[in-house]
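There is one chain below, alone, in structure tokens, taken in the form predicted alone.
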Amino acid sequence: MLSKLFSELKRLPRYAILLAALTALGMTAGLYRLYAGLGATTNMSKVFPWGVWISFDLTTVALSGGAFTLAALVYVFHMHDLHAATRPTVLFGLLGYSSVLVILFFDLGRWDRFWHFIVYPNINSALFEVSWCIAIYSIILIYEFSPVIVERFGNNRLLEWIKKLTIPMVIAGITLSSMHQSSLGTLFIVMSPRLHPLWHSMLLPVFFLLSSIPAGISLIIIGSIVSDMLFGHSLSQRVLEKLGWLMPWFLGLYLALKLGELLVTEELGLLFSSGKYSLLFWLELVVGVIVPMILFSIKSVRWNRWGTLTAAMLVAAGIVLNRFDATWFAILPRQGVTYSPHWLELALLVGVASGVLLVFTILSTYFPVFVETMPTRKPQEAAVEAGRAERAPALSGD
């Protein structure tokens, strides 16, 4: 039995060992945080009650938006040629939301009361709505991913029953995800005394929801090309081109609203007079919006895998910077107090992120996650190269 187990484990790429070690170290840091408390293990304070964990959470929620975005494109707008991306995208969304719930658990001062929002509802709190939406949407993602598990064990009757409820569950998921994506922006409306005016806006709920759409699409593109390198499966370049064609529309609308809001509120001057905050804002817009919007508008770039990957990575970088700006970098200091994360905060983040990648790797190896995608290499070749290759092989579809 042990020999069979070891034989199965050999199917995993070698980097899984590193991910497992980092996950174990991160969880050790997490257990120490639960034992010692927030004060001894973080640099958060009454002046900065939120730290890098919240920045990570909001970034992960935005990047996990690919699940509800793709569901809307496939099941509502009937872009069925994108269906091949649904399984890996839903899996990443599920793991992304799971990591958010894990970080939120460690972020609570009274972590033993994490369940209180269920039995002690505070309907006047935006966090109440966010908590319920994320919890229920995570359950829906489990349901959407369940056919992969059921197929693995060959229960066709259960699989047919699950598929009958796919459309109503997808609609519920799109609704809930849209609600909490925007509600996360609502949290920062009340922070007008602390959040720099370049980021504070009454349109924050719209900005957060709208930006999560290109964020999610960018992760689909990045994930497709990375999965080619690691697992020998990818979306066709035609599908990636179609996703890239959508990006300038969403990015252009987002850019118009951001600059239009500053124009209406007569705050355009802040773009050039706010020192480091002006630099951060311009960096966010140029790197994450303007440059990728131009790149995705060029047909030859969309039909080139590395051009598509570059543009998608710029969008993802812009989203990361935007969420970190809104939750950390653009929060104005008070009483001379600033914030930088404790090393234990970073260790826990590394552990959670490694755990997400490890679980994704395990499920992708032993379950039919990529069954609808295009194989780019033989499985044996992919397994060898995932563990040993020093460079990526030539990709099909260029």
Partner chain sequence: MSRNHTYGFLIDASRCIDCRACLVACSVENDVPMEHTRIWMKGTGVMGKFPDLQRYTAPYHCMHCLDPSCVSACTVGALQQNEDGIVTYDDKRCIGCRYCMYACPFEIPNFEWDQRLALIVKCDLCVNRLAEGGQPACAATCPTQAILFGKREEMLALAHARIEDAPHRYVNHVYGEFENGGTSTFYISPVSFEQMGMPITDETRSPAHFNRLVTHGTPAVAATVAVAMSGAYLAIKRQSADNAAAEQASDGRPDDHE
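Numbering follows the first chain given and starts at 1. This one's a predicted model, so the numbers in the text were calculated from it and none came from an experiment.
This protein has a second form, the form predicted together with the partner chain, left out of what is shown; the following refers to that one.
Checking 261-269, 238-246, 220-228, 193-201 against the partner chain in the predicted bound form, the stretch whose residues place heavy atoms within 4.5 Å of it is 193-201. Proximity to the partner chain in the predicted bound form, defined as a heavy atom within 4.5 Å, singles out one entry of A126, A317, L158, V291, which is A126. Distance criterion of 4.5 Å from any heavy atom to the partner chain in the predicted bound form singles out T175 from the list S273, T310, T175, S146. Put simply, S211 is far from the partner chain in the predicted bound form: not one heavy atom of it is within 4.5 Å. Under a 4.5 angstroms non-hydrogen atom cutoff, the partner chain in the predicted bound form has S131 among its neighbouring residues. A residue is said to contact a partner when one of its heavy atoms sits within 4.5 Å of a partner heavy atom; R302 fails this definition for the partner chain in the predicted bound form, lying far away. Using a 4.5 angstroms limit between non-hydrogen atoms, L38 touches the partner chain in the predicted bound form. Residues V76, F77, H78, H80, H83 are the members of 76-92 with a non-hydrogen atom no more than 4.5 angstroms from the partner chain in the predicted bound form.
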